[in-house]
Structure formats: structure tokens, C-alpha cells
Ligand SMILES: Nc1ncnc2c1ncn2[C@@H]1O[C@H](COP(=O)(O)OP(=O)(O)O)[C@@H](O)[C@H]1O
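Okay, so here's just one chain, in C-alpha cells, the form predicted on its own.
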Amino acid sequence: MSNSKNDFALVCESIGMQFGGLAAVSNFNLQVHQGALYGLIGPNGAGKTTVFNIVSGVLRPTAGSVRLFGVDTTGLGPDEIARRGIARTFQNIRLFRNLTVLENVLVGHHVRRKATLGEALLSLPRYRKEESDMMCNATGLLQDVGLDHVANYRASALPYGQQRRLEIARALATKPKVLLLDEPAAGMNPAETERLMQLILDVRDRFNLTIFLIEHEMKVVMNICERMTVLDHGQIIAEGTPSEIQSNEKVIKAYLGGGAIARH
């Protein structure tokens, strides 16, 4: 595989993030190929979510740069990052709980709206067409994630696993090129986890996405990620394929306290 800069969807170069005197992330480097399914793992407090917050524009790094398809996005805000093609989900589900399932997905489309406030107030043709297109697209996304039958339910009424799927559908509504998934299997039972793994693979292929995920559930990362990076205390201690990570002594010692990484 070529290592041309054009091959990479996401590049982090020498990223550092300090909070006061604490270095949350130090010299973090990452290259994620277009179309890859890439994992970021490590113990609690390792700096994983800080990396996601930097990539998605929530935080501006104190050192280094982020590039999306070769374009420097360092320091851009979350709204501009979303328009550039990065969407994310969160470890703690952040749905609009009092809106319906369909309405939650429609919210995701607004980052791509072109109609002005005046066009909306006057219900002009461009606004009406966007409304129609958004509705069709949102309905299709709910079918893609298996939630079309609960489109009119309140989001708060969904079981936990379905809320996770809804969050993915809302992220997809922004039409991303890179999807960040922050612990998508958190709180799921084994059956839900199996369905989630298949959904992630299907979404990657159907929407031609690059997926970058944080996950504590080893069954997920070891079975669906092609490569992964391991963080410990804000520093990279390993990078490689699942089989390489499984046998890495630094990972076994730092991440698992001497236990084994299982691939089920």
C-alpha cells in the first residue's frame, strides 16, 4: 500500500495537550488510511477521549497538527470540523431525549443546510426541497440502522442498544467522511455487541467511510479493527494489527496488568 499523503484520511502529527501542568497527551502521531477501520485503546485516563476531542475540534492542541485528507484542521471549531467531514458519537449518549427518533436524525442534517432564515420563513422553493430531501435521507438512515419501525418514538423510550444505533444514524446524517465512535459498545449486552459490530462494518462499507473508534470491549476492536494504537498515560506504547497488539508485552503489562487480550 502506498504511503502518499493522499492515502490518509486522518493524520495527527506530534499532538500534545496540556491541562495546566498535566500532559494529557504527548507526541501523539497517527496515520489512518482512507476506508480504514482503526482502533484507539488504552486504560482509563490514557488520553483517548482527549485525542477525539482534538480531532473533532472540541479542544485545540497545545502542540502539533491535525490534517483531514491533507488539509490542516488544527484549531477549527466543532461546527467547521463537521462541515469538513468529521462526525462523532460520545461515550455518554447525547441524544435529544424529548425529540422523536426521526427528529434526532433530522437535527444531524442541519450542518449541511444551505437555505437561509429568510427562505425558511417564507417557505421558498430551496427551503422546501431541502426539507423534503432531509426527510427522505433521515428515513433511509433509520432503515440502514434498523430503527425505521420506531421512527416516531421518543428517543428516551428506546432501549440502550437502539439509542446507540440512533446516535450513529444522527452522525451519518451530517454526511461524514470520517466517523469517530467513542466506546460504541459501552453498556451493551453480548447480543447487542454482536449486532453493533456488524453494523459498524456495514456502515463503513455502505457509506465509504473511514472509522476511528475508541473501545474498551476487546472483542470489538480485535475483531473489526484492521490496525490500532495503544495509549498509556498520554503516550503511544504500541501500534499495529490486532495480532501484533495481542502479543505486545508493553500492552499486556500496561493495559491488562499481565492478563491476556482475547480475540473471540
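So that the term is clear: the rigid core is the largest set of C-alpha atoms that superpose within 1.5 Å between two forms. In this text the structure is predicted, and so the values were computed from the model without any measurement. From 1 onward, residues are counted along the sequence shown.
We do not show the form predicted together with the named molecule, though everything after this point is about it.
The named molecule in the predicted complex comes within 4.5 Å of a heavy atom belonging to residue 46. Using a 4.5 angstroms threshold between heavy atoms, residue 74 stays clear of the named molecule in the predicted complex. Although the partner is absent here, residue 50 sits close enough that one of its heavy atoms falls within 4.5 Å of the named molecule in the predicted complex.
In the predicted complex, the named molecule sits beyond 4.5 Å of every heavy atom of residue 10.
Look at 61-69, 192-200, 222-230, 37-45: in the predicted complex, residues with non-hydrogen atoms within 4.5 angstroms of the named molecule sit in 37-45. When the named molecule is considered in the predicted complex, only one residue from 162, 91, 137, 100 comes within 4.5 Å through any heavy atom, namely 91. Contact residues in stretch 20-40 (any heavy atom within 4.5 Å of the named molecule, taken in the predicted complex) are 22, 24. Here residue 217 counts as shifted, since its C-alpha moves by at least 2 Å between this form and the one not shown after the core is aligned.
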